[in-house]
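The chain below stands alone and is given in structure tokens; this is the form predicted alone.
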């Protein structure tokens, strides 16, 4: 569905648990998630670090959405 949304001119950032799948199908902007049960978070982190982790993912998605890409591109968030 993300490819269809992009086809009409709306950029999409995709958060897969397994980045090889969207790479194979040609998804444009890929931000790898943590794991299958917790794609956009890490329940093993303390609350303050969990918030920082999620914020880094959102910031990377915003950067990905504002970046022109010519094909599948993986954007890795700075999770330091």
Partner chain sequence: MAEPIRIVHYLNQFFAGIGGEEKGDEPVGHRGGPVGPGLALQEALGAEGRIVATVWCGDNRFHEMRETVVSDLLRLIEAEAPAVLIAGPAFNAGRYGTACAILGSAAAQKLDLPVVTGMFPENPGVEAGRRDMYIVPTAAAATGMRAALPVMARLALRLGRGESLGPGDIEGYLPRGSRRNFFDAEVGAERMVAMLLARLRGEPFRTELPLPRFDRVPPAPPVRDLPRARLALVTEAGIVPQGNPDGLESWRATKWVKYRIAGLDALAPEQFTSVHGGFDTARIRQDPHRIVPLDVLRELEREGRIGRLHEDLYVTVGNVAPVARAERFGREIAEDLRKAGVQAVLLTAT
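Numbering follows the first chain given and starts at 1. The shown structure was predicted, so the numbers you read here are calculated from the model rather than taken from an experiment.
The following text describes the form predicted together with the partner chain, which does not appear among the structures shown.
Among residues of the shown chain, residue 78 is not one whose heavy atoms approach the partner chain to within 4.5 Å in the predicted complex. Remark: residue 74 does not count among the residues lining the partner chain in the predicted complex, judged by a heavy atom distance of 4.5 Å or less.
The partner chain is not drawn, but in the predicted complex it has a heavy atom within 4.5 Å of residue 51. Contacts between 57 to 73 and the partner chain, taken as any heavy atom within 4.5 Å in the predicted complex, involve 58, 59, 61, 62, 65, 66, 67, 68, 69, 70, 71.
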